[in-house]
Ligand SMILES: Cc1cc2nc3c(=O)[nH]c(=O)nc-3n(C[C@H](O)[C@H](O)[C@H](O)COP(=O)(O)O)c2cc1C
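First, one chain by itself: the form predicted alone, in structure tokens.
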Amino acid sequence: MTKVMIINGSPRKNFNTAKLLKEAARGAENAGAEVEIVHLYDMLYKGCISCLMCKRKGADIKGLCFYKDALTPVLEKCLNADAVILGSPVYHSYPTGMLRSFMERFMFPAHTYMVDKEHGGLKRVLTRTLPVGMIMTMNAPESHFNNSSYRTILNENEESLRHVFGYAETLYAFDTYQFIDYAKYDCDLFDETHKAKVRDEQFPKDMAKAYDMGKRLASLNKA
């Protein structure tokens, strides 16, 4: 059976990012996949510690980070999955630190410094394509994404994943409803009425896109 790993890099389990990931999971399940959701904030682990064992001659670790901690079994499941979907809110232009630490451990051991003389570029550790999706949610509107460094910074995550695993795509959800009750917070930068309108009108469309992503990625390796 097709296996899809869903990695939640948000500290919240029932808000914007988590809702989109759950919808992606539902899409994957409806495509016939077995799905496992992992909440990174429930785990204790490190980012890359630069031990460089994954680059040592004869290491033959097959893309799995050499350093062992609570993240190791999750990384192993991701490497053996048919697709992986990562999700995170955007904090000051970047995914959360928890997701970035996961990505360091996920990508660096599967990336080489060896030139592929036959095909050009660098050799890949994995001999197959592992489709990876990213779901990024942000309080900022799409106009800010397009007219700031957000696009450059965040798109680099997708490019890196594509380089290492062969396929990557990203779903961005903009202008998200950040607080359950805006009246409790100092936040006159945003109009709650506008935020509620986006939540009610746009977010359902983002949910549909997340469902389609899950269904599509779960089906890629069946082709």
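Bear in mind that the values here come from a model prediction, so they are computed numbers and not experimental data. Each residue number is its position in the shown sequence, starting from 1.
What comes next is about the form predicted in complex with the named molecule, which does not appear here.
Contact annotation for R12: at least one heavy atom lies within 4.5 Å of the named molecule in the predicted complex. Although the partner is absent here, A140 is a contact residue: one of its heavy atoms lies within 4.5 angstroms of the named molecule in the predicted complex.
Heavy atoms of S149 never reach within 4.5 Å of the named molecule in the predicted complex, leaving it off the interface. When contacts are judged by a 4.5 Å heavy atom cut-off, N157 does not count as touching the named molecule in the predicted complex. Note on the interface: of 173-181, 29-37, 56-64, 42-50, the segment with non-hydrogen atoms within 4.5 angstroms of the named molecule in the predicted complex is 173-181. Residues from 80-94 that approach the named molecule in the predicted complex with a non-hydrogen atom closer than or equal to 4.5 Å are P89, V90, Y91, H92, S93, in the order they occur in the chain.
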